[in-house]
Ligand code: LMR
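One chain follows as C-alpha cells, the form predicted alone.
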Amino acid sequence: MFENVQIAPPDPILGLTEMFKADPNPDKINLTVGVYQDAHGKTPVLASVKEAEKRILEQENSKGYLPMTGEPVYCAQVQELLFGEGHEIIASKRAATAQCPGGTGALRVAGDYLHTLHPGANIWLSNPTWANHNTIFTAAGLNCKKYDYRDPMTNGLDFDAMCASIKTIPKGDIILLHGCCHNPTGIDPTPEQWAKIGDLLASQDVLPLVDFAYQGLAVGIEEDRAGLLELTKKVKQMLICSSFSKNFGLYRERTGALTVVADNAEQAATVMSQVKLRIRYNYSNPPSHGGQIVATVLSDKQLRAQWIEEVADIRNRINEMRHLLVKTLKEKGLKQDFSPIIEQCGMFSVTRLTKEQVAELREKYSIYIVDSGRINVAGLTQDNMDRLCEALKEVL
C-alpha cells in the first residue's frame, strides 16, 4: 500500500526550521517559527516554571489518566485568567473548559465540534492569519473563508474594511478572532473597536471563536483580556482557544484549553458533553505535566507574581527589539517607513518583503523568514540586528 505514496510538501513554517538547522552558515538567523528567544538567542525555562516542576515532582504520586476535560483546578485557573476573578461568566457557570494539547489541539477540537454539530457553517479567518488556521479547520471538515483585516498600504488595521466584511457573514457562521498579538501582523483592534465588532456579531448571530495564544505579551496579563471582555458584553455565546506555550514557555509540553461560553450553566454543560466526545474520538484525555505547572503557578500567590514579572520581561525585550529594528533600519539609510512595527504587539510583524526578497535573504544571507514576509521579532537580538538590517538594506 505504500509503494505509490508521494512525499508530502514541507510545512511552510516548520519546514523552514529544518532548512535552517541544515544550513552550515555560523551567522544564520531564524525568524520563522514563533518561539521566544532571550538576548542570547536561547529559549529559556521560566524560574516560576522550574519551581512549580520541583514541587510537582516532590508531590506527584500517580501517572493515571486525567479526565477527558483535564484537571479541574487547571480549568478553573484558565477561566480566571481569561475573564478575571469573580467575573459573572464564572459565577454563573456559563463557561465550561476542557484542557487540550496546546492551542493547536484546542483549535482542532473546536473544529471537530463545529463540523459535527454545525455541518453547514463556514469559518471566517482574517486576511492574513496564522498559516496553520486554514489547514486545521480544513482538516476538520470546515469551509474556510476570509475577512479583510490588514491594510497593506499602511501596514495597520483596516477597520472599516474589516467591519464591511463582517457584515457579509451569514447567520450561523463562525468568525475566528485573535484575542491579542494578532499572528502574523501584530496589529490589534482597540477596546472601542472590539466593542463595535461585538455589536456586529451580536446583530448577525455570528459565533466568535477567539484564538487567545499570547495573553500578557501585548500590554499585560489583565490588559490583554480587554478585547475578549468587550466581546462578552455583547455576545452571549463563544468559543475560546487559549495556550500557555508563549506566556509560560511551555512549547513542548502542549498546554492549552478550549472554553465554551454559553447562555447559561445547563447549556454550557450540554455543549461540553459534545466537546468531550470529540476529545474521546481524538486523543481521549490531555497530557498532565504542563497543566500541573500552570495550575501550580497560578494557584500560588508568590509564584503567580513571579510569573507576571517574567512575562513582563519577555514583553519588554520584544518591544525593545521592535524599537531597535526600526532605529537600525533608519540608520542604514532605508527610506521606507517602518514605524508601524513599533505600534504592533506580540512576537510577530508582517514586513512588505516579497517572496523573491525572502528567498534572496535565505539564499544569500542565511536569514530565514516565511514567504508571507512575517518575522518573529522575538528572534532578534543585539548581536544579529546589524547583520539583519544590512541584508534587508541590500534586498530592499
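Residues carry their position along the shown sequence, with the first being 1. This structure is a prediction, so every number in the text was calculated from the model and none was measured.
Absent from the display: the form predicted in complex with the ligand. The rest refers to it.
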Any non-hydrogen atom of W130 within 4.5 angstroms of the ligand in the predicted bound form: yes
V33 within 4.5 Å of the ligand in the predicted bound form, heavy atoms: yes
Residue contact check: F244 to the ligand in the predicted bound form, 4.5 Å heavy atom: no
L16 within 4.5 Å of the ligand in the predicted bound form, heavy atoms: no
Heavy atom within 4.5 Å of the ligand in the predicted bound form - residue from T296, S126, N183, Q79: N183
Option from 33 to 41, 337 to 345, 46 to 54, 64 to 72 whose residues, in the predicted bound form, bring a heavy atom within 4.5 Å of the ligand: 33 to 41
Residues of 292 to 329 having any heavy atom within 4.5 Å of the ligand in the predicted bound form, listed in sequence order: none
